[in-house]
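Form predicted alone, single chain, as structure tokens, below.
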């Protein structure tokens, strides 16, 4: 059956159905991205009202973003040329130009993948005095020792903490009944908890049935009446070693896992804090210390944990070749010499020194007025009590990255879908072209319109994310 206006224009609009449909769809996309862009701009403009929050700037590579912009602009040109070849009846040249469009999309997504990967491996630590350090190679391993008591949630227990137990032999546990260890020692597992739950519930259910028969209650047995928690004691104290980020909550005297298992123990001296292998930026703009010298950053910079010989995932080609203490002294020289330079320039001009830019300063490399280039990548070991927040550069770290990943991720999805559709037209639709060239050309035009929209979105994304 022939569908009206499938290829020929409608008399009322002058457009054929698919073209009218794509414009309506793109109108809804404009509202979606328009709302996201507006939200970003309002948050960006309003960030200056927060005294202890500074909008990240210069964290994205402008040259990298510019290259991706050129790639998408070229792809828009290529898709027009590809459509023109269809109209001229040269399917082979159409495939060549459409292949270039898809290639541009693939290169764009690969570049974006490299950019994402850099954010996933760049970390920040916010200390308790609101000073911030950023760098690479984080180690949030935490070890609890002397664990002798475990409280588990029967319904949620998945044995997660058992995978973190240090040592070759798993600990043996006994059940606590009326405040005292009871029964034979057993090896803890999900199955063992299930057996204990069944045994306790069977006893409780039988007692409840007797109450019903005696007329003391008329309620039927409900699952909610069963055992909720189990308290277990270990035959011998044991230790666990794991990433603190995998815990639901960490306490000085214990740890709670995501399955609600609560372990009581103390943090080992072998894992005294959060370790960042190479600091490249120090931010003191919101620091509570009276002077930069009194900030916690300078107190802990250069410290290394007892297990500092371990691999912390840092790039070995750029890892410091001198001790952490020497690196810290070099970083201090870079920072405070730059501070002195700002003061001297302000005095020469008779102005008050402006430290806003300096207090968010890279200590990785700096050139002094004499032309000497100083470089530093010091480690830092922050005690857990002074760690307020730590994360890689993902939505958890701040609002900027939440919006960055939302906007670029959504745009990347559009690029992927658009490239898949254009690839189908270019390399899987020859029979469609041979059957009805005009209809096929219309479909390519619709795909091209969507691709132009995807490129236009990036034209807006690039300045507001990379340049603002």
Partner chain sequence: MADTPEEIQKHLKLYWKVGIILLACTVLTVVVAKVTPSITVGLLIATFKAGLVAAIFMHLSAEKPMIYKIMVYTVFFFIGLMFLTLLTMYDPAVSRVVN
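Since the structure is predicted, the reported quantities are computational estimates derived from the model, not experimental observations. Residue numbers count along the first chain shown, from 1.
The protein also exists as the form predicted in complex with its partner chain; that form is not presented, and the subsequent description refers to it.
Novice: Does any part of residue 69 reach within 4.5 Å of its partner chain in the model of the complex? Heavy atoms only, please.
Specialist: Yes - in the model of the complex, heavy atoms of residue 69 and its partner chain come within 4.5 Å of each other.
Novice: Taking 4.5 angstroms as the cut-off for heavy atoms, does residue 26 touch its partner chain in the model of the complex?
Specialist: Contact with its partner chain, yes.
Novice: Does any heavy atom of residue 31 come within 4.5 Å of a heavy atom of its partner chain in the model of the complex?
Specialist: So residue 31 counts as contacting its partner chain.
Novice: So, residue 108 and its partner chain: in the model of the complex, are they within 4.5 Å at any heavy atom pair?
Specialist: The answer is no: residue 108 has no heavy atom within 4.5 Å of its partner chain.
Novice: Please pick out the stretch from 195-203, 74-82, 295-303, 143-151 that is in contact with its partner chain in the model of the complex, where contact means heavy atoms within 4.5 Å.
Specialist: Going by heavy atoms within 4.5 Å, the stretch is 74-82.
Novice: Among 433, 64, 37, 416, which has any heavy atom within 4.5 Å of its partner chain in the model of the complex?
Specialist: None of the other options qualify; the answer is 37.
Novice: Scan 449-468 and note down the residues that get a heavy atom within 4.5 Å of its partner chain in the model of the complex; none is a fine answer too.
Specialist: Read in sequence order, the residues that approach its partner chain (within 4.5 Å, in the model of the complex) are 449, 452, 453, 455, 456, 459, 460, 462, 463, 464, 467, 468.
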